[in-house]
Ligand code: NAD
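The chain below stands alone, shown as structure tokens; this is the form predicted alone.
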């Protein structure tokens, strides 16, 4: 069994760390939230007071942080994790951040003689708790091979997307598709309601016809057709609108930097910005249907 350091024990990181504990690993965790540290302790992990304490005798260090600036601050510098960890430590960053920051930190890790992958996730809080996340991994083959046994404890689908930063690239491209398709599905239901077409009837048709997509069949934005969707719980989030907006903004930054044309991604970013500005950012991202209905 390994000694694992884990920084970032929020809604996603907390359950991920707990799954590692349940698999028999020793997990030392750090978070700015006292409640998150208490939750880790209750799960059998070891809460620590300082970030650098997670590096003590660590074989693996995993991070789940809000943004690129936080990842850079935690990893680099004289007191960064790459400086204080033992040589040979494996680093796994599961934050969702901009591609450039991921590649800069990976280059710093390489120059420090460390193995590192970027491994953002998809699957939400439910997937984190169940250990069924999808990991999109960027980094060298040897680092991916070393990380895979740990990723398999926390996830069900582990995909090596290529070199450093490609995990982040895959994540933002995937979530741009999701944001756009959720808007398309929501527009269809909003139009159907105006035309007097029952929601269940539209679902029964579109889910077996050319309109079929994940946003419809697994995460339907209207109550009824998919009992497990947030629409049946007043849009209690599995994945918040603010998190979708963050990922869409990252996709737009990457598109501008690379010269890619993403007009639908740009419009999706605009619409989710409106939803967030209407104080619905902490609702599930599928609540975009309420904006399109004009009911907010």
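Just so you know, these numbers come straight off a predicted model, no measurement behind them. Residue numbers count along the first chain shown, from 1.
Just so it is clear, the following notes concern the form predicted together with ligand NAD, a form of the same protein that is not shown.
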Looking in the predicted complex, is ligand NAD within 4.5 angstroms of a heavy atom from every one of 8, 11 and 31?
yes
Taking 4.5 angstroms as the cut-off for heavy atoms, does residue 70 touch ligand NAD in the predicted complex?
yes
Looking at the partner-bound form in the predicted complex, is residue 125 within 4.5 Å of ligand NAD by any heavy atom?
yes
For residue 40, is any heavy atom within 4.5 Å of ligand NAD in the predicted complex, or not?
no
Is there a heavy atom of residue 62 no more than 4.5 Å from a heavy atom of ligand NAD in the predicted complex?
no
In contact with ligand NAD in the predicted complex (heavy atoms, 4.5 Å), from 256-264, 238-246, 223-231, 40-48, is stretch 238-246
Just give me the single entry in 137, 183, 74, 216 that has a non-hydrogen atom within 4.5 angstroms of ligand NAD in the predicted complex.
74
Just one of 121, 82, 178, 90 has a heavy atom within 4.5 angstroms of ligand NAD in the predicted complex, so which one?
121
Determine the residues of 162-193 with a heavy atom within 4.5 Å of ligand NAD in the predicted complex and present them in sequence order; the list may be empty.
171
